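Shown here is one chain on its own, the form predicted alone, set out as structure tokens.
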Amino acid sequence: MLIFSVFKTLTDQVVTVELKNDLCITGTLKSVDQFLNIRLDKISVVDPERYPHMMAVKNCFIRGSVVRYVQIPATAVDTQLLEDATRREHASTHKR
């Protein structure tokens, strides 16, 4: 559950979520659960001309199965710590 742990540390950070239907939503990450369902506040749509009905929405809940990508700020992730955690997780799952 390394990815889940990374997302938990991103709470209150601004992220962009791209959905499988090509809708991109930018907002403040408020919560994420073990299924990678995401709750965003203060949202805005990247392409408002294509999705005008989303302009009135202020917050949303996104089911994890419809997410294609999550763009996070580079400064929000400690890459060295993430690499070390990935190595530890790999080593623990491949012990004999």
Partner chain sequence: MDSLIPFTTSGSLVDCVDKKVLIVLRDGRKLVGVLRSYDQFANLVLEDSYERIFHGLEYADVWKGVFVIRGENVVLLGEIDLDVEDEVPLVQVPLQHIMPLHNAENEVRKKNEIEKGKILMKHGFVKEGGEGDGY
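Positions refer to the first chain, counted from 1. None of the values given here were measured: they were computed from a predicted structure.
Not on display, but discussed next: the form predicted together with its partner chain.
Chemist: Any chance D33 has a heavy atom within 4.5 Å of its partner chain in the model of the complex?
Modeler: Yes, contact at 4.5 Å.
Chemist: Using a 4.5 Å heavy atom cut-off, state whether K20 contacts its partner chain in the model of the complex.
Modeler: The answer is yes: K20 has a heavy atom within 4.5 Å of its partner chain.
Chemist: Going by a heavy atom distance of 4.5 Å, is Q71 a contact of its partner chain in the model of the complex?
Modeler: Result no; Q71 lies far from its partner chain in the model of the complex.
Chemist: Consider K8 of the chain shown here, and say whether it contacts its partner chain in the model of the complex, taking contact as heavy atoms within 4.5 Å.
Modeler: Yes, K8 lies within 4.5 Å of its partner chain in the model of the complex.
Chemist: Just give me the residues of 50 to 71, first to last, that have a heavy atom within 4.5 Å of its partner chain in the model of the complex.
Modeler: Those in contact are P52, H53, M54, M55, A56, V57, K58, N59, C60, F61, I62, R63, V66, R68.
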